[in-house]
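In the form predicted on its own, a lone chain appears below as structure tokens.
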């Protein structure tokens, strides 16, 4: 019998399911299936344990078996990402007993375990929704509100994770937004409650809540077929006695349709990889790295600073989707020992190549760069975006199955806003997404402009408009002590950005 566990953050194991018992076999094939939701934005650790069930228990229900009374034959562990990135979705692992690591040359063999995954058809179903609101209240003194919607899901642990945003509609109390596409697998099921919040956009990033509503996809489908609206509410008191004030504003579902489409996992199975790149801000506004109040301070106790935290968190998720684990890494806004200020230098100190080995390689190159450059300025994004776009463009020319993800970690206000927009408009045609993490207390107003969630697509100097939005921005302070880890909010939209690119290029996964 095999037992499947998920490994929680604190290292504890939570049992998910047990297979049936296969009698008298050294090569069992189990048929028990377990359905679990795949979350791209988190690392899902799995542990499989195999037991020999004593004859006297053969007629007992497997759920009733006491595992300590059975013979333990070995265990194997992996992440869900390691299974789904295999072309045939099958992962073969060595079973080990106790503390043995598979690296030991003469570790005794306890057999092999093969795990198969398949995507359920429901996860290939997408829903297209067109929403509108009526009679929204004004949040601005002298003009109407500039409303946009944020749709979030609630995870099993109760965290609220945003999964989709509409564009902002200026000066309108009865807005109708462009259709949005939601993947049922991303939500879990059609019955799962979604939180739909309507905000008034403010350019300082502090958006005001106009009203909210909680409905499942099933509820939204019913609203559409009945052609009726549902009232928004605003929470008036929090805590155990949460009260809501019902508003006269209503939400309507103008159109609702479901269709089966290629999924993110289909592209992974056909050999697509996500390649991670990182660019780090070394401008003087970060503070002297030798002093504890600097954002670049390396704590002797080993506690990671904000830059290290962001690299580890994003890298930990993305590393499973890249086979060679060689990551381009750059710094910008500093003066290398023997030269002028550089706005894109190789973090590893090399003049010829920019790649480092693994997440540890990025961490080591970062610490070493802090000793070898002097912080300067100004903060320019254009050069690193152009370098990343050049790599993505070469990959596209060579017909490689790669999609690139550039993480920019910065503390400051950028000085080359228009040049950055020009670089982004050009990069939007390429297999590239850009994640920006803002650290420190600066005003990140410009970042909100780059993250074109306001609905105004970026426009270049020549008037060319970006074909898609490729930037996700998160200020670390907003989410540091909030519900969602920075990474989850940053990465949650990546699969849909990849799919948008594939549809834009009309690329189909080949089986």
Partner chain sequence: MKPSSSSSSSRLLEITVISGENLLDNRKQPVKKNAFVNIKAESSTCNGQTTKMDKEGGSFPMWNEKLIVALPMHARHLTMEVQCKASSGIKTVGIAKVPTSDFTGGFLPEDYLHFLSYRLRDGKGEKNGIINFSLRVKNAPPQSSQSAGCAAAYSRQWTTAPVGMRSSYNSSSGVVTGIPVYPGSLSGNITNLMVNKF
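Between two forms, the rigid core is defined as the largest C-alpha subset superposing within 1.5 Å. Only a predicted model underlies this, so the values are computations on that prediction, with no experimental measurement involved. Numbering follows the first chain given and starts at 1.
Although not depicted, the form predicted together with the partner chain is the subject of the following passage.
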query: Interface stretch in the predicted bound form with the partner chain - options 45-53, 462-470, 28-36, 65-73, non-hydrogen atom within 4.5 Å; finding: 462-470
query: Partner proximity in the predicted bound form: residue 335 to the partner chain, non-hydrogen atom cutoff 4.5 Å; finding: yes
query: Proximity of residue 142 to the partner chain in the predicted bound form, heavy atoms at 4.5 Å; finding: no
query: 4.5 Å heavy atom contact, residue 476 and the partner chain in the predicted bound form; finding: no
query: Contact flag, residue 178 vs the partner chain in the predicted bound form, heavy atom cut 4.5 Å; finding: yes
query: In the predicted bound form, the residue from 236, 352, 114, 255 that sits within 4.5 Å of the partner chain by heavy atoms; finding: 352
query: Sole residue of 260, 90, 413, 195 within 4.5 Å of the partner chain in the predicted bound form, by heavy atom; finding: 413
query: Residues in 340-372 close to the partner chain in the predicted bound form, defined by a heavy atom within 4.5 Å, in order; finding: 340, 341, 342, 343, 344, 345, 346, 347, 348, 349, 350, 351, 352, 353, 354, 369, 372
query: Residue 201 C-alpha relocation of at least 2 Å between the shown form and the other one, rigid core basis; finding: yes
query: Residue 325 C-alpha relocation of at least 2 Å between the shown form and the other one, rigid core basis; finding: no
query: Per-residue C-alpha change between the shown form and the other one, residue 130, threshold 2 Å, rigid core fit; finding: yes
